[in-house]
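Shown below, as structure tokens, is a lone chain in the form predicted on its own; questions about how it binds or moves come after it.
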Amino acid sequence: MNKLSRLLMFLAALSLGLLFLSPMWKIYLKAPQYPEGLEMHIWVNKISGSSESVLQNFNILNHYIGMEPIHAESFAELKIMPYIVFAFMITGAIVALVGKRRLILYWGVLLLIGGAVGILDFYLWLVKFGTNLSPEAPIKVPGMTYIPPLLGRKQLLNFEALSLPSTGSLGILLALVFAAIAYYVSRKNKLEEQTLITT
């Protein structure tokens, strides 16, 4: 790997730091009783709201429909994910230092798999919360579930739910793009060297 490839690989590893600076995902709820909307932020290590009362309002709504309250402490994933992200950042930096092009490929594929597993886990989390409803709920609608959309918009009773990736997820995208460019630049450089040797 040449200097440019190593630099790009360092940038790929550093990009994952965005996951600690901004939420990965946002879920919005809007209804006539909440015209300003409620915005829940899902981070790599915590759950928060756009204001202090947002999570409390989410949980009040959850109580009426029999959904479990949302607390960051309930999710083992939020305790594990920071270590996984750190591991990718450290191994990405090691790949840049070692300078083996093939390692970029392995790192990128593992990051893709990690991202896919994270999205699947998030979907299962939504299904669990949306379907595991208390029979003692004040509001019961036969056959109704409250699974928020994984991505996009969905109507749940009189609530409009919108689920979108946030800035933190951009860190994963940037990491993959930088790693792909690092691999391409390194491969192109190697091919040029081979061409010079044979000519």
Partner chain sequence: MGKLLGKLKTIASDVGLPLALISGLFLQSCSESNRSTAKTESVDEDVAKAVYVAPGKHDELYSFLSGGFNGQVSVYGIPSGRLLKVIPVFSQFPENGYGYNEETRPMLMTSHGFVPWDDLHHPKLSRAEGMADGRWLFVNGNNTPRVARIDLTTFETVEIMEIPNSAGNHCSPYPTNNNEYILAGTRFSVPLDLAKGGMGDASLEEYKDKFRGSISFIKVDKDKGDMELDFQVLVPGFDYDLANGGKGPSGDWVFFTTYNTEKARTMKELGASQNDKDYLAAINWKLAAKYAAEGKAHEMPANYYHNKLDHGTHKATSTIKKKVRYLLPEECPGMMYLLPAPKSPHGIDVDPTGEYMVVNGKLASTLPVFSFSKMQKAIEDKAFDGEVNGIPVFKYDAVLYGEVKEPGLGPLHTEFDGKGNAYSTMFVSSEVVKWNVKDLKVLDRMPVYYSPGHLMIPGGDTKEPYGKYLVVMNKITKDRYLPTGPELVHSAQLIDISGDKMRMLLDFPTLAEPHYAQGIPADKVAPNSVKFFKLDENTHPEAVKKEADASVTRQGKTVKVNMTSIRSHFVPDNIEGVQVGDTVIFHVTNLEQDWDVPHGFAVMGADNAETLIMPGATQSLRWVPKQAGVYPFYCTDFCSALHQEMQGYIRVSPKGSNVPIKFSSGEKKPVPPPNGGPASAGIN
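Please read these numbers as outputs of a predicted model, since none were measured by experiment. Numbering follows the first chain given and starts at 1.
The same protein also has a form predicted in complex with its partner chain, omitted here; what follows describes it.
Enquirer: Decide yes or no: are Tyr28, Glu73 and Arg153 jointly within 4.5 Å of its partner chain in the predicted bound form, with each residue judged by its heavy atoms?
Expert: Contact check failed for every one of Tyr28, Glu73 and Arg153.
Enquirer: Even though its partner chain is not shown here, does Ser53 get within 4.5 Å of it in the predicted bound form, heavy atoms only?
Expert: Taking the distances in the predicted bound form, the answer for Ser53 is yes, it comes within 4.5 Å of its partner chain.
Enquirer: Tell me, yes or no, whether Pro138 is in contact with its partner chain in the predicted bound form, where a contact means a heavy atom of each within 4.5 Å.
Expert: It does: once its partner chain is placed as it appears in the predicted bound form, Pro138 has a heavy atom within 4.5 Å of it.
Enquirer: Taking any heavy atom pair closer than or equal to 4.5 Å as contact, tell me whether Asn57 reaches its partner chain in the predicted bound form.
Expert: Yes, Asn57 sits close enough to its partner chain in the predicted bound form that at least one of its heavy atoms falls within 4.5 Å.
Enquirer: Can Lys46 be called a contact residue for its partner chain in the predicted bound form at 4.5 Å between heavy atoms?
Expert: Taking the distances in the predicted bound form, the answer for Lys46 is no, it never comes within 4.5 Å of its partner chain.
Enquirer: Along 14 to 46, which positions have a non-hydrogen atom within 4.5 Å of its partner chain in the predicted bound form?
Expert: Stretch hits, in order: Tyr34, Glu36.
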